[in-house]
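There is one chain below, alone, in structure tokens, taken in the form predicted alone.
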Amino acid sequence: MKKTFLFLIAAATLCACSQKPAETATQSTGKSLILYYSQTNATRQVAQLLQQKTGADIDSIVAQQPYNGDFNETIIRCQKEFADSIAPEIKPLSRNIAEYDTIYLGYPVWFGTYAQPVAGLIKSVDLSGKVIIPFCTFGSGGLRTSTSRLATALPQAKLLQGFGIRGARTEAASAELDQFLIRIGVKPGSLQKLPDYGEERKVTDADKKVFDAACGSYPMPLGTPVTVCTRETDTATDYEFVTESTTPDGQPMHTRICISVSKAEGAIPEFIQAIR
């Protein structure tokens, strides 16, 4: 199977270009567990960083029948599981969930939601009353849609705002996790208030060059950029493009593409995520 599940990843997520105030984690002496499923090692990297930063225990979710076929076989299996509402069985966890108050729940985004082994976890393990802090990796987006599905699947849990990052950007995860943990009250510190974006305007040739430099190598269509707004921070210029495209059934679709250009010398535009 290919290294990334590009066709399994959909967009629609909460990001720096569209942030809402986060609900904070309760300050308690209860134990925390980082529980994750990783298919290509990206989610594992984020989970290990979380462990370093929080000191929480850690455990992995393992499917009884691994998703280790080729790319097409994996897509066919996942499509059937979604269509038939099948939650794959998982192997017993090495940690006792009952001992933990807070669960950092990690996963790659497949088809716009959490990977199927997480559905298996939800089916087999009681997470009622737990504080759930989602974190995910994705090709273009999916934090908001996946956490919305988690909220529906776990009505008796307390779900906090989650953390998401593109699998191609895991080298930036450490600094962004620090900001996230401060934001939800797990780590002490203060955050710089981000300025508002400026007025939306038509894309210029210079804007298009920024868009192409950031997204030109992305293998899935992101649409044609038509408008953009920007903001300046201490360290970067952030862009929020609106692109036009069509859905598979021919309906018009608009997507917001978040790009950041660091002010460091020689920096290149970086595709942060897409919001559909």
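Because the structure is a prediction, the values reported are computed rather than measured. Quick note: we count residues from 1 along the sequence shown, nothing fancier.
Keep in mind that the form predicted together with a small molecule is not shown, yet the notes after this line are about it.
Remark: all three candidate residues (39, 111 and 137) come within 4.5 Å of the small molecule in the predicted complex, counting heavy atoms only. Partner proximity in the predicted complex, defined as non-hydrogen atoms within 4.5 angstroms of the small molecule, places exactly one of 41-49, 242-250, 226-234, 207-215 at the interface: 41-49. When the small molecule is considered in the predicted complex, residue 71 lines it closely, a heavy atom lying within 4.5 Å. Contact check for residue 86: no non-hydrogen atom falls within 4.5 Å of the small molecule in the predicted complex. Taking the partner from the other structure, the small molecule in the predicted complex has no heavy atom within 4.5 Å of any heavy atom of residue 93.
Using a 4.5 angstroms threshold between heavy atoms, residue 75 counts as touching the small molecule in the predicted complex.
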